[in-house]
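Just the one chain here, the form predicted on its own, laid out as structure tokens.
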Amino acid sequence: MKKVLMIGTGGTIASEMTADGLTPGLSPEKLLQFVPAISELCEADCVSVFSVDSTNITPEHWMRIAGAVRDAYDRYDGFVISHGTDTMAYTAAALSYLIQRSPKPIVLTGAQKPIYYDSTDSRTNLIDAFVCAGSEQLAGVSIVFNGRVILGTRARKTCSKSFAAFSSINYPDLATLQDHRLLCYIPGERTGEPRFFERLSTEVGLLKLVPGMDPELMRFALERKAALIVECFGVGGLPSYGDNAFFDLVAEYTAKGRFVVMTTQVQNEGSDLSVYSVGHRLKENRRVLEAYDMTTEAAYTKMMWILGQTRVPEAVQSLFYTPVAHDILHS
């Protein structure tokens, strides 16, 4: 029988009702008591690394989860991480860079309703997650939710309330589950050894453009961060409101050593700075990177991982465009 470690981090799935609303309080051991069928699937052990609403997740929490997987890696066949849904996609992306080429499944799951609700999705998601964690077909980091297995670098929360909370962006689902039976479309690579990383830079920011935005907001972010992810309109570019203020800021701060990553607010199909003049003129700056089909969550956490390793422009550019866990197809 496979051995699976469940790592508890809090979230709605582990929440109880309090005077201040739902608050995480149930341990992973308590969660498993609600789903006795899991004992028939595998030998499950539990550890709680913290218990928080996922709104409060920080990069430090990502490091603690990765550390828990690293410390127990040789003793288990797979891992289930119970997590809040609101920032689960960021955590899945971050873990995809902190734990690379894992031949063992590392599965994140959670729920839209607490586990003690009669109408909860918690029990189904937990069973599915353990099925995937013990599978011989899957590998690496994924999110298992509402019968779908989504690559960790491609996941995004696209529904705030319904059970179909997550979508796979610009990449097909890895697998589906029907009555807790796994139908795998894209098998994982299960050879080789995992590589664990222990550094993430917090000097990465994110700026979403809105019509008429004051360029000083970009200056504020670039002054304080080593890299800035810019969510542009459409296929990408910077606005000109009768001047070149945004372009001048990019030129000024990249000359000072900052990096700018251009991505798009549009959920599907990615960016292409070469299409319009508002984007094309950025292509010559080697410190301006383009996310193409990457999710914002992946672009953000990948830059955190890269800047934790190097600040050399050529190396940053090379690492950004080198696929990790199929995070980028077009570069």
Ligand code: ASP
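Residue positions are given as counts along the sequence shown, with the first one as 1. Here the structure is a predicted model, which is why all the values come from computation and not from measurement.
Keep in mind that the form predicted together with ligand ASP is not shown, yet the notes after this line are about it.
Self-check item: Exercise: E203 in contact with ligand ASP in the predicted bound form, heavy atom 4.5 Å
Solution: Result no; E203 lies far from ligand ASP in the predicted bound form.
Quiz item: Does ligand ASP come within 4.5 Å of any heavy atom of A111 in the predicted bound form?
Solution: Contact with ligand ASP, yes.
Quiz item: How about D77: is it within 4.5 Å of ligand ASP in the predicted bound form, going by heavy atoms?
Solution: No.
Practice problem: Determine whether any heavy atom of T296 comes within 4.5 Å of a heavy atom of ligand ASP in the predicted bound form, and answer yes or no. | Solution: Although ligand ASP is absent here, T296 would stay clear of it in the predicted bound form, with no heavy atoms inside 4.5 Å.
Self-check item: Option touching ligand ASP, based on a heavy atom within 4.5 Å in the predicted bound form, out of T85, T254, N170, T124
Solution: That would be T85.
Self-check item: Candidate stretches 206 to 214, 85 to 93, 127 to 135, 238 to 246 - the one whose heavy atoms come within 4.5 Å of ligand ASP in the predicted bound form
Solution: In short, 85 to 93.
Practice problem: Go through 1 to 24 residue by residue and record those having a heavy atom within 4.5 Å of ligand ASP in the predicted bound form; state none if no residue qualifies. | Solution: Those in contact are G11, T12.
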